[in-house]
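Before any questions on binding or motion, here is one chain by itself as structure tokens, the form predicted alone.
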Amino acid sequence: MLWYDYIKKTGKVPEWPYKVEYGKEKVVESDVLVIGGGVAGCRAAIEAARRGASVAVAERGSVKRGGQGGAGVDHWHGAVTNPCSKVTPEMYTQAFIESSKGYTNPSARYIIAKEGWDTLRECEDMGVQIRDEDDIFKGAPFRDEETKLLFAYDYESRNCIRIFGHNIKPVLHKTMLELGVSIYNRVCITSLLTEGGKRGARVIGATGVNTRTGEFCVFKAKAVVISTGRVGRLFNFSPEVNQFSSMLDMNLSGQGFSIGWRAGAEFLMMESVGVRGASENNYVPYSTGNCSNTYFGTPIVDSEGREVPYLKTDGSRVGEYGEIFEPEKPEEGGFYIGVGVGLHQPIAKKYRLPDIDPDIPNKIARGEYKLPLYADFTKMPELERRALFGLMIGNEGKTRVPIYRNYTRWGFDPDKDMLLCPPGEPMNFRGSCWWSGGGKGVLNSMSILGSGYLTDWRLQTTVEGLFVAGGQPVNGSGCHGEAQTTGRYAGRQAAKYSRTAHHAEPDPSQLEAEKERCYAPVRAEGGIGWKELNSAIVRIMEDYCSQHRSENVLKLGIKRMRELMANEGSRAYASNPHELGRLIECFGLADVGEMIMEASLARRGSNSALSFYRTDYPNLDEPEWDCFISIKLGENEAETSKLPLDYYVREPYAPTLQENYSLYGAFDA
């Protein structure tokens, strides 16, 4: 029975269904602790367990379907060593370096390129279908007849693979159980434990609160992997409407950043905050007509049937609509990267897909095209249409039920129907992802772009014993396949580290201080709730850390955030363990907000690659500031420093990607 049905039937709010035991300790000991049970965390746990380590996983939701990739996946980036690929790991990594102007994580990108195909093949061994086994797409230009692999975006270079991944998370979950991984669901991790309780010392575990029972969990470990995903709920928050961006989920609270910040780890690109396609008024992903990402290549027509052309990077038209699926070869040495890989800057020309005519807003304004526009699936070749609306929409987690199942039940038939693109102001059609706030005349939301921990070639942070995995918190990384690959790699490294590390007992004073902090909200009286506190944090970030920033405003924003947490935050009230977990997440969001504003203060120069603009330092891309800003929490205040963009091939590292991978990343016995 649903919550509202129960209230309607009984006339009262249901009682909390679990026994509440605030403060009761549960102690878990393992060689490796994985924080976050999404696809990156699952692969970290599987790999560490396969290498002989005892593994515990702490997950905010439920591991079986939790995380951004929990409901399924339709295509896998980074599998460049597959037998059909014409892209090398060096080519793949260089494409990201060029497209991001160096503001990425080339060590992680190279690891992804070297191991992405192997990671996918292991998924196949576990029970995920990655080939066209039933010959549904036999003869299609995107199919390799020998391997039966199906490719997306670039049918010539063949570096991105379409898969039937609707069951990928249950398969990973089953494998974890078979390997003896201990899973702890509904646990909000609140802090990292460090040796001697000292900031910056070796990480020896973590603490958490069970969001059903209120129990206090103490995880002891020789190595810890953080795989908690991106940061959401920081610049936009409206859960009763449509959350903020339906591409992100409510559990992306920034805890993975906050706990590392408080433990003394260093972070990069925290100042990289820009406009993303997200607002509280956006549509469900892929629910409206567009031609971005999964819908790439979908014909777009206006209300009178005029076709809106796709253009190459040189401005010439990509033939007729059937020919978009047999695209011209990219520039010499180039290939198509695709969409959804953590690149928020314009992709370099020789790696950029053809796109819809960029002058379409002006042409709409002049009346050359009549609104509304439509995505006309009927103009697509049959196998392309079936691959898009059957394979991809039918296996991607965010679309399998809300779009594929529901639209089909309601009578939508891509063989004969078009999909309406949301009409609105002409300028809302700059770009092709129109469901994400486009067409509604609403200012899109801000979000951190590419931020994450500073890591070495082992994906170990600057704090010993702490590793990271995933599209974030690994800085500059990307999507589902890339998250699984870095998870697999980090799990291997954590298991190796744990062989020579020792267990250390947590510092009693650190535990007691964390208990006091965590349970303060259940003792509070008359304070605000977590939603009010979250909304106040969002308001501060919107007001004081917009896309155009300045020293005075940023300093005032930090002051406002600290005042909020010292006053309303200290009196915030939780009536049950679920609300307590959400409040603890709000405390973490405030930390991340400060991190962003402190890093923004440290970068005294506007930077186009980071979507970073200082009104008091308006000169764009000055050489002095062509560098990373590293930030960490010192004894009392934030400490920042500059780091060269090519630090990953400078001492103490080797001068090439391959040499470093061989030294630090290659498989051992």
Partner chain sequence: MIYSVPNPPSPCKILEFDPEKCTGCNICVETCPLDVMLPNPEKGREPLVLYTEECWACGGCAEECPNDALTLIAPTKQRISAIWIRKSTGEEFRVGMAKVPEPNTRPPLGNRR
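Since the model is a prediction, treat every value here as computed from it, not as a measurement. Positions refer to the first chain, counted from 1.
In what follows, reference is made to the form predicted in complex with its partner chain, a form of this protein that is not presented.
A.B. asks: Residues in which of 383 to 391, 99 to 107, 352 to 360, 514 to 522 have heavy atoms within 4.5 Å of its partner chain in the predicted complex?
C.D. replies: That would be stretch 383 to 391.
A.B. asks: Of these, G264, P414, G529, P506, which has a heavy atom no more than 4.5 Å from its partner chain in the predicted complex?
C.D. replies: Flagged contact: P414.
A.B. asks: Quick one: from Y184, Y573, Y374, W457, grab the residue that has a heavy atom within 4.5 Å of its partner chain in the predicted complex.
C.D. replies: Selected option: Y374.
A.B. asks: Spell out, yes or no, whether the shortest heavy atom distance between H502 and its partner chain in the predicted complex is within 4.5 Å.
C.D. replies: H502 lies outside the contact set for its partner chain.
A.B. asks: Quick one: is K148 in contact with its partner chain in the predicted complex, heavy atoms, 4.5 Å cut-off?
C.D. replies: No, K148 stays farther than 4.5 Å from its partner chain in the predicted complex.
A.B. asks: I'd like to check something about R405: if you look in the predicted complex, is any of its heavy atoms closer than or equal to 4.5 Å to a heavy atom of its partner chain?
C.D. replies: Result yes; R405 sits at the interface with its partner chain in the predicted complex.
A.B. asks: Using 4.5 Å between non-hydrogen atoms, is T190 touching its partner chain in the predicted complex?
C.D. replies: Heavy-atom contact with its partner chain at 4.5 Å: absent for T190.
A.B. asks: If we check its partner chain in the predicted complex, which of the residues in 150 to 170 reach within 4.5 angstroms of it by a non-hydrogen atom?
C.D. replies: In sequence order, F164, H166, N167, P170 come within 4.5 Å of the partner.
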